[in-house]
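A lone chain, given as structure tokens: the form predicted alone.
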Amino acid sequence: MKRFWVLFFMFWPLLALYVCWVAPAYDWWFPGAAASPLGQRIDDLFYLILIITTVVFIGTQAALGYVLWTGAQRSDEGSEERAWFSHGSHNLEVIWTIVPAGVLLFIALYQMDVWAEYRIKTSFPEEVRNDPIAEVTARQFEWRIRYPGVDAEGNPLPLMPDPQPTDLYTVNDLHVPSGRPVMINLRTDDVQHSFFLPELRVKQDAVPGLVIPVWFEATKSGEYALLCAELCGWGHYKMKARLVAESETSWQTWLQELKAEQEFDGVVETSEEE
């Protein structure tokens, strides 16, 4: 019966390892490969930490299983082998304090470049640092996007901090050019929200009173999910929008069409013959 309980408690770690092993085949994993260069580097950090924790997990579970199994053997009838008791070991205390601290220090230093590039504005790509293409405002329960207008030749104007008469607006529909870094200004009109692009591995809280720059790069044209990752109220589930990444030409054409749509006054000119 003692060995049954040993096997019972060792079954669950093995099951956990098996489930993790087959998870990608059942789509219980990331939503596909990262669709941005920075997202790929974030995935690399994740896998590095996953490997470290997996090695530690297997090692501790194997040691636990060995202790349980040998303990069960020692308690068999007729066994004269006695358990080994110890009380305190400065050497072991030092080892299992220094080793985890060293691993954590390594992880902290190893990921600094990635997170600096992701979070610190002075480390953003130079071409987007002072050139946001849109302002994204979260509010219960939608995303409002303000784009700068276009000039007479159809070229995008610079985005001003305050709304301008030439600005263009959409709701839950963010369009950006693909294949190059872009930056948005993120803000919220009410409570805290979280701007989340899972396929691009972009996640940034929208904090009341702050305008937060967020940059990313969609490597391929396509449509991606834009979600709120912060429980922001009863209608949180409705804050689903889309990010449309398209070629530079298509993006500028879309801005021109949006401008024409918003400036349309509903009057259709007819010819005199009609």
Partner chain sequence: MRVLYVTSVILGASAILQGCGRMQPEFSHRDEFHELIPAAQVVVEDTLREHYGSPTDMVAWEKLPLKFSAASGRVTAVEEGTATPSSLQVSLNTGADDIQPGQNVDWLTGTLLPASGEEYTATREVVSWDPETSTLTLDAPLPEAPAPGDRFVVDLGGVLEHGRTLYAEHCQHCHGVSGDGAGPTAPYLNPPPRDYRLGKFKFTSTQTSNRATREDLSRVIENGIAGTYMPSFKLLEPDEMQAIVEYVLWLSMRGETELNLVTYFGELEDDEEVQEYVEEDFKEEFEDDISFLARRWEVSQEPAALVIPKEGRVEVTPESLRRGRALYVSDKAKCASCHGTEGLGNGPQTLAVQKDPDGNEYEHPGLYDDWGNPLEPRNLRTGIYRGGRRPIDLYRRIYAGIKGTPMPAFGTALSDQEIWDIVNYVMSMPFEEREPGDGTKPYTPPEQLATASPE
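As the structure is a prediction and not an experimental result, all values here were calculated from the model. Residue numbers count along the first chain shown, from 1.
Here the subject shifts to the form predicted in complex with the partner chain, a form of this protein not shown in this document.
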Heavy atom of W115 within 4.5 Å of the partner chain in the model of the complex: no
Any non-hydrogen atom of F141 within 4.5 angstroms of the partner chain in the model of the complex: yes
Distance check, K238 to the partner chain in the model of the complex, heavy atom within 4.5 Å: yes
Partner contact for G78 in the model of the complex: the partner chain, 4.5 angstroms, heavy atom: no
Contact segment among 102-110, 200-208, 163-171, 180-188, judged by heavy atoms lying within 4.5 Å of the partner chain in the model of the complex: 163-171
Selected contact from Y66, W28, Y47, W234, since only one has a non-hydrogen atom within 4.5 angstroms of the partner chain in the model of the complex: W234
In the model of the complex, residues of 250-265 near the partner chain [heavy atom within 4.5 Å]: E261, Q262, E263, F264, D265
